[in-house]
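In the form predicted alone, a lone chain appears below as structure tokens.
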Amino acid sequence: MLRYVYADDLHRFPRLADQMFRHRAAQFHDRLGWEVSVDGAGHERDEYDDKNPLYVIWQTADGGHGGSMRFLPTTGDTMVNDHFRHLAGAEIRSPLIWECTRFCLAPGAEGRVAAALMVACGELMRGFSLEHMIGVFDARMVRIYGRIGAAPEVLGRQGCGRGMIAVGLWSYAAADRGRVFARAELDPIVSEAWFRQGFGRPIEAPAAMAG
């Protein structure tokens, strides 16, 4: 299932939180070799985890972490504005745009988990009346996003091959929704129930992001 959890509520899900940060360390530090900080608990965290972001977490049938993403409004501090503005081409600040980062898949995650996380992106755009998501991604994600059917508009990139880093912009297209749901093997009715469980309201009700 998809869980929508703000950072200040992560203590309610200690196993999910522990595994999410451990899997981030395994993916970004160990496998990809990024210059990220890993603490004594084996957790990969950065300063944006201290800004009460919203996490979307795929919870497996046994209650573990299958994959996750992190979201912040661009009206505050974001990775794109602080470190990758040169790739975005300009400062990105708008109540209608959120940043999505730290797309992480657990080791051995089912193929549909990546698509489920992109389903959540679309549900957030619908539920919070957003026009776009913006994010930083590496070369391996180009293939993943393309396979899901949720490829972003690339605003800028640097490097080549496996070392390529890009900034992309996603918009919501209702015509693509069915394809992404099919890749995720999810029922839209179930997805909307998960959203309602996370935020205490249906997707159709507009709201501003907390935190």
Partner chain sequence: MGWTVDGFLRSLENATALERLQDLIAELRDALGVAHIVYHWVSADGQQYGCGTYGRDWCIRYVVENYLRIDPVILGCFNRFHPVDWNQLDWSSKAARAFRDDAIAHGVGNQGFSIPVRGPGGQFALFTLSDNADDAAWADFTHDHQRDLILIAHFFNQKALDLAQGRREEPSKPLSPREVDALTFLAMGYGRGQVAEMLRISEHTLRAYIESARFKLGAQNTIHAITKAITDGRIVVGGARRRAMGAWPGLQPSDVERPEPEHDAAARTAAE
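Residue numbers count along the first chain shown, from 1. Bear in mind that the values here come from a model prediction, so they are computed numbers and not experimental data.
The next section is about a form of this same protein that is not shown, the form predicted together with its partner chain.
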Inset, instruction - Go through 142-150, 167-175, 30-38, 61-69 and give me the stretch that gets within 4.5 Å of its partner chain in the model of the complex, heavy atoms only. - result: 167-175
Inset, instruction - May I ask you to state whether residue 137 is within 4.5 Å of its partner chain in the model of the complex, using heavy atom distances? - result: no
Inset, instruction - May I ask you to state whether residue 200 is within 4.5 Å of its partner chain in the model of the complex, using heavy atom distances? - result: yes
Legend entry - Touches its partner chain in the model of the complex: residue 56 (any heavy atom, 4.5 Å): no
Legend entry - in the model of the complex, residue 111 touching its partner chain (heavy atom, 4.5 Å): no
Legend entry - Contact test, all of 85, 97 and 131, partner its partner chain in the model of the complex, heavy atom 4.5 Å: yes
Inset, instruction - Residue by residue through 51-89, tell me which have a non-hydrogen atom within 4.5 angstroms of its partner chain in the model of the complex. - result: 51, 52, 53, 54, 71, 72, 73, 75, 76, 77, 85, 88, 89
